[in-house]
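Here we start with a single chain on its own, the form predicted alone, put down as structure tokens.
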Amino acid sequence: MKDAENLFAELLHHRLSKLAPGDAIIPAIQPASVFLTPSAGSNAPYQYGRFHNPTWTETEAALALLEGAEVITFPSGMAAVAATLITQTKAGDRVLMPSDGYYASRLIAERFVGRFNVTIVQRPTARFLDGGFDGFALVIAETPSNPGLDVCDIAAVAQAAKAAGAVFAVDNTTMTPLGQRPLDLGADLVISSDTKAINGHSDALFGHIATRSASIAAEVGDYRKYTGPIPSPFDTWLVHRGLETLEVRFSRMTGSAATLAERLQAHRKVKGVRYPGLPGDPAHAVAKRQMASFGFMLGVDLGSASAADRFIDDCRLVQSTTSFGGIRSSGERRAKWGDPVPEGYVRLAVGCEPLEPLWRAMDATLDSL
């Protein structure tokens, strides 16, 4: 893999070879449902808005450069999850998913895909290798898990899943290709909610699937083409814009998260911290092997639901939202949604605020609890 600096230098300038003097450096937004096609044959690159769009082409090319793989974009991360489940299974198949991953992924698998005689099996991320993968058609991992931040060994799961004949997918939303590269570790496809860090500005819903398998890419592409879960050209353009600052934002976010994890762990009002970068964290050994950084998300246990709610509501530099990965730090008490975490557990996503003002705001709020 190219290092992040070289990769992003290439990403920022990858369009230049296609431009003529006077062309716009920034891609255009093409809000078109129809395109002029030749009277004979159908070889025009764009024919109909459900099939292709020039703005998709630009954003998918940028994401493909970052992933080192073919990319198919979707109007949300959950649309990408659904596309994976639907295209990679058939009646009678068994699917393995993390029991501690994002709840909506399990919900659509069980409620909608499961009705077509597809059996959904769940297993905790920290013990994902236990029991093997014989008999599974599709294995989906989410590592680190959201919100508990457990990890599984991607390379080991990939090797075992492939030996068992399963397709192996990894939801890499929390890490992005800058923090972790599942395809390089043997995964067949990557799922990402680009609503989060890749876009980074909390103003667009978006997702993508990346794969180096021509057959998977063709199947996923046809699924989108014929069933219509397509991103809007404007949202696609917003994600392209956000993507160009990802390396800078991700560096700030992950650097701050590492420092905050240590400070929060030492604070008298904090009962516990989950962060794969902490040497004592249960996930640290595996995370150190497979991650380029330890991410921007922390789990902070404040001991009670009331303390967690007060921290989120009172800290002036932490916004209360149910998403993460934007330029503003955010917090949410995930137990209120039924996630298997302590009642006082705050999923804290570190944003782009300067570190010391952010810490002072957190420290003062914690002291007031």
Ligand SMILES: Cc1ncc(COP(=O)(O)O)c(C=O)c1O
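Each residue number is its position in the shown sequence, starting from 1. A quick note: this is a predicted structure, and the numbers were derived from the prediction, not measured.
The same protein also exists as the form predicted in complex with the ligand; that form is not shown, yet it is the one meant from here on.
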query	finding
Partner contact for G77 in the model of the complex: the ligand, 4.5 angstroms, heavy atom	yes
Exercise: F324 in contact with the ligand in the model of the complex, heavy atom 4.5 Å	yes
In the model of the complex, T84 touching the ligand (heavy atom, 4.5 Å)	no
4.5 angstroms heavy atom contact with the ligand in the model of the complex for T236	no
Proximity to the ligand in the model of the complex (heavy atom, within 4.5 Å), stretch among 87 to 95, 287 to 295, 169 to 177, 272 to 280	169 to 177
Contact assignment for the ligand in the model of the complex, among T195, T254, T125, T211, heavy atom within 4.5 Å	T195
The unique member of I120, L205, A137, A160 whose heavy atoms fall within 4.5 Å of the ligand in the model of the complex	L205
Residues of stretch 125 to 149 in contact with the ligand in the model of the complex (4.5 Å, non-hydrogen atom)	E142, N146
